[in-house]
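This document starts with one chain, in the form predicted on its own, laid out as structure tokens.
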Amino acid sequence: MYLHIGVILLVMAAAYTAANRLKLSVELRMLSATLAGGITGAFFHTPPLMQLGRHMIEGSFTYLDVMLVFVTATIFIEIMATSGSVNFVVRGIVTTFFRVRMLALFLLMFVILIPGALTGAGSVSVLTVGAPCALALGYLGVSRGRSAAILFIIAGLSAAAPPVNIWAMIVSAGTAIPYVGFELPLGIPVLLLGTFTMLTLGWRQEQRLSLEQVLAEMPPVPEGMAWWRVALPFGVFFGLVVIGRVLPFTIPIMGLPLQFVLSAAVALAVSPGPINILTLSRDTVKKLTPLLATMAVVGAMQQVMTVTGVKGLISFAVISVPLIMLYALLVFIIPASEGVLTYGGAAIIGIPLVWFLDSRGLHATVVIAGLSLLWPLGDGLPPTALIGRLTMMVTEYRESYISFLKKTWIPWLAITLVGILMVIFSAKLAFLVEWSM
């Protein structure tokens, strides 16, 4: 049994490596590994060849609800950005708090956090608010290298922040744990680590500009834009979320996709200028296609690895490692799995890991929250380096990629330490889950 499962695993690894050598996208690499593993498993009748197609299709729909959240949330954020809300908010922060730098940096942190927190993708934060926030950081005296480091770290934390955390959703779905109670276990560390990042990387003012120079260089704001146009759509979204929690037996369960659709409709209605919603939606889905493909392939890979026994072998390997050694290895395994497999790391490594730690008396929800702080770090690691590459592009940072990563080392270590400590002491932090529910 171990022999044929090991052969399947080696074939999958070889197929992924070959696809990587051919410079195929991450989605095609994972699809190649999945097909190779399924076909190899068919030789051992796990699964039979005639059932491989069913498992591939069935698995690709595993995270359909997550994909719906992705699309609807990103359309909402794109409407807000297209209407001029982002430039309006950034300009307002710089204008009002130009002489109170740390407060301005703290508010910019929230601007970067919100898109990723609502969509579950740090890349959305980089693409929608990255450019204006990077400019604002430069106007506040932060060097381009440190601005890039801030944007990368905060965008990664935004993907881990509530209400939408894709890694937590994947692990929760695979371990039959309800996706509830994550607000405080994720929200508190994200805010503390985000503030720490801003303090350590943004404290030193490396250049000084006058407010007049800054305002002259900032992007213009559409005529008629006002704070209420920015606040109302977000008020509708958070209002729908809160009222569903406060009156669970009175208000119908709408779900995040419908809540985002309603909020997007409000944002479209209050936009100061016309927005072609069909064109915007088409372009948004086109932009999200790689991420949606990743989710579909991750589901198919998870299904094939389950029926071939590979997932069970990985689970056995996880529980065979001494607990102390496992804690030390998490520092490297979790980010590396994200760097190679993106969200696939949560399905392949995260699910058996949470099963094992839960069986040892740790609190599963807090464990997932702690691991969710480590996965975004992998978005700066090759071969994918999704958020890292986007950050360098948006900030126009021209130095080497290694020099960019070196500037993130202080917050990187802080995030790693907090994430590991949350896993180790998860049972003692269970009260955060209770307060969230």
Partner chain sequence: MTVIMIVYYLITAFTAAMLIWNFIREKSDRQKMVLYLIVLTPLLLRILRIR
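Positions refer to the first chain, counted from 1. In this text, all values refer to a predicted model and were calculated from it rather than measured experimentally.
Below, we turn to the form predicted together with its partner chain, even though it does not appear here.
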When its partner chain is placed as it is in the predicted complex, are Leu24, Met67 and Ala296 each within 4.5 Å of it, taking any non-hydrogen atom of the residue? yes
Taking its partner chain as it sits in the predicted complex, is Glu396 in contact with it (heavy atom to heavy atom, 4.5 Å or less)? no
In the predicted complex, is there a heavy atom of its partner chain that lies within 4.5 Å of any heavy atom of Leu31, even though the partner is absent here? yes
Is Thr95 a contact residue for its partner chain in the predicted complex, using a 4.5 Å heavy atom cut-off? no
With heavy atoms only and a cut-off of 4.5 Å, decide whether Leu329 touches its partner chain in the predicted complex. no
Which of 136 to 144, 210 to 218, 104 to 112, 245 to 253 lies within 4.5 Å of its partner chain in the predicted complex, heavy atoms considered? The stretch 245 to 253
Within 4.5 Å, heavy atoms only, which of Ser271, Thr200, Asn87, Ser281 is in contact with its partner chain in the predicted complex? Ser281
Heavy atom within 4.5 Å of its partner chain in the predicted complex - residue from Val285, Ala226, Ala265, Ile275: Val285
Pull the contact list for 36 to 72: residues with a heavy atom within 4.5 Å of its partner chain in the predicted complex, in sequence order. Ile57, Glu58, Ser60, Phe61, Leu64, Met67, Leu68, Val71, Thr72
Just say closer or farther for the C-alpha distance from Ser172 to Tyr63 in the predicted complex, relative to the shown form; it changes by 3 Å or more. farther
What direction does the Ala73-Ser123 Cα distance move in the predicted complex compared with the shown chain, closer or farther, given a change of 3 Å or more? closer
